[in-house]
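Below you'll find only one chain, the form predicted on its own, shown as structure tokens.
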């Protein structure tokens, strides 16, 4: 499947397409960010590419500009959310890592002091 295609059974593709409601935080030509429905921190936002990419494991040179843009957008979102004290970005890749939706996505977590563990 080309990464520009929407995957019909992918919940994040359906959210990006507006088929499933979400609380949008940010959107541009390459990404869509929305609030997590099961937040693990006071601020918990997911940012996904609008194109279907399975996970970090399949990224290659052809995705460098896209991922760079997403991380630039993460910085914008963190500023808009007033996460000046810091925030965490997490991406699970594959079943063993706990990836439950197989569409590349990044969790932006903040709004509280977090310890050294990976999850707040």
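Residue numbers count along the first chain shown, from 1. What you see is a predicted model; the values in this text were computed from it and never measured.
FYI, the form predicted together with a small molecule isn't displayed, but the following is about it.
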Has each of 24, 51 and 108 got a heavy atom lying within 4.5 angstroms of the small molecule in the predicted bound form?
no
Contact label in the predicted bound form: residue 47 to the small molecule, heavy atom within 4.5 Å:
no
Is there a non-hydrogen atom of residue 76 within 4.5 angstroms of a non-hydrogen atom of the small molecule in the predicted bound form?
no
At 4.5 Å between heavy atoms, is residue 34 in contact with the small molecule in the predicted bound form?
yes
Is it the case that residue 18, even though its partner is missing from this view, gets within 4.5 Å of the small molecule in the predicted bound form, heavy atoms only?
no
